[in-house]
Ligand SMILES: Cc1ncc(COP(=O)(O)O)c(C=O)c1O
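Okay, so here's just one chain, in structure tokens, the form predicted on its own.
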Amino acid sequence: MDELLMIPGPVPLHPRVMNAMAKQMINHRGDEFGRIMDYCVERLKEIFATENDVLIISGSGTAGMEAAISNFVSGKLVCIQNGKFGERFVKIGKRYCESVVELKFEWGTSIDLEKVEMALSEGAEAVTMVHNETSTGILNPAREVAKLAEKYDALFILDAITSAGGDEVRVDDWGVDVAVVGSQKCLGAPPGISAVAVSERAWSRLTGKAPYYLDLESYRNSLEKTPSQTPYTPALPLFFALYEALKIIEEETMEKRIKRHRMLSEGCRKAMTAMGLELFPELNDHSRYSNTVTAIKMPEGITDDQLRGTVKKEFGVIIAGGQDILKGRIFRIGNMGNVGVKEMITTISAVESVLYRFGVVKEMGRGMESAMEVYGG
């Protein structure tokens, strides 16, 4: 049985993307690679909704996060955290910054903008936030935090790793100074590439202390060469795959892609609540449920191993569990990349069947019926 990967990244690959990686190697300083680079940069600018520089790194999303901090912040950094990946910014910041203010909120709860403003009012070079916190299934308020950062003259560094390409990310309109995306999430490409969008305001604040490999000024200088290139040998098969994945996005259009992700996640949320399950995040007026992953509280009467293990063993569907302090307390269903209604129906049906078998759900069909009301079946 072929397994269906329904976690918040990496995501199932389109056959065109898989085939692209079988391409023979080329000269990474030649015209052909230059054309690939130029296309990828232009498409990523569209996905980020920015005219800023976009720099592509052979390294996962965490490499992009480290580049975002190390290149532009050396003094005081404020890190907003309400999940695992917000904490990652803290760990990175402590390696490069004189001081790191940890603005902690309970995992799965909305951030308090008044507390963010209070922290920024006391001075900071930059503030970081995870836009779409996949560990808890919450979409944090990027536009509002960007306004606060501008008010107090702090750079705004946004982890858009699991939102860009699947939900609205408007770097220029919102006023984001540095934004990061990862290839293996909503872009629908394999792991191993990240891209960083950098504003002119951020360029004016270079620290000059970035790691050698993650020195974004080197990436910008190489991109300006003819033909366009990277400062160090790129992971060519991953660039071939990214190129094809971005062509698929262009063909679908970002408008339709965002609409699809929102529709799929809405159907999943409705299915889970129809079965009597409770969504994990607690929202305020500024936060939203994630449109690329749904986090659900583990119901009584079944364990994490029983739910996810049986769904995998008997249906071939892989869903995610909780991380760190949430292990065993929640499970998560991803709908990133090129996932469609077929994959969501398969996943929801598998979860409902297992919950019914263990007596958690007393009646079969309510979850699927609610999902199909959204999916149009």
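Given the structure is predicted, the values throughout are model-derived calculations rather than measurements. The first residue of the shown sequence is 1; numbering continues from there.
What comes next is about the form predicted together with the named molecule, which is not displayed.
Just one of Q184, N140, T136, N291 comes within 4.5 Å of the named molecule in the predicted bound form, counting any heavy atom, and that one is Q184. Of the listed positions (A271, I161, A189, A197), a single one reaches within 4.5 angstroms of the named molecule by any non-hydrogen atom in the predicted bound form, namely I161. At a distance threshold of 4.5 angstroms between non-hydrogen atoms, M65 is in contact with the named molecule in the predicted bound form. Mapping the unseen interface onto this chain, G61 counts among the residues with a heavy atom inside 4.5 Å of the named molecule in the predicted bound form. Though the partner is left out of this view, R88 does reach within 4.5 Å of the named molecule in the predicted bound form, counting heavy atoms only. By the criterion of a heavy atom within 4.5 Å, V130 is counted among the residues contacting the named molecule in the predicted bound form. The stretch in contact with the named molecule in the predicted bound form, judged by heavy atoms within 4.5 Å, is 53-61, chosen from 53-61, 36-44, 307-315, 22-30.
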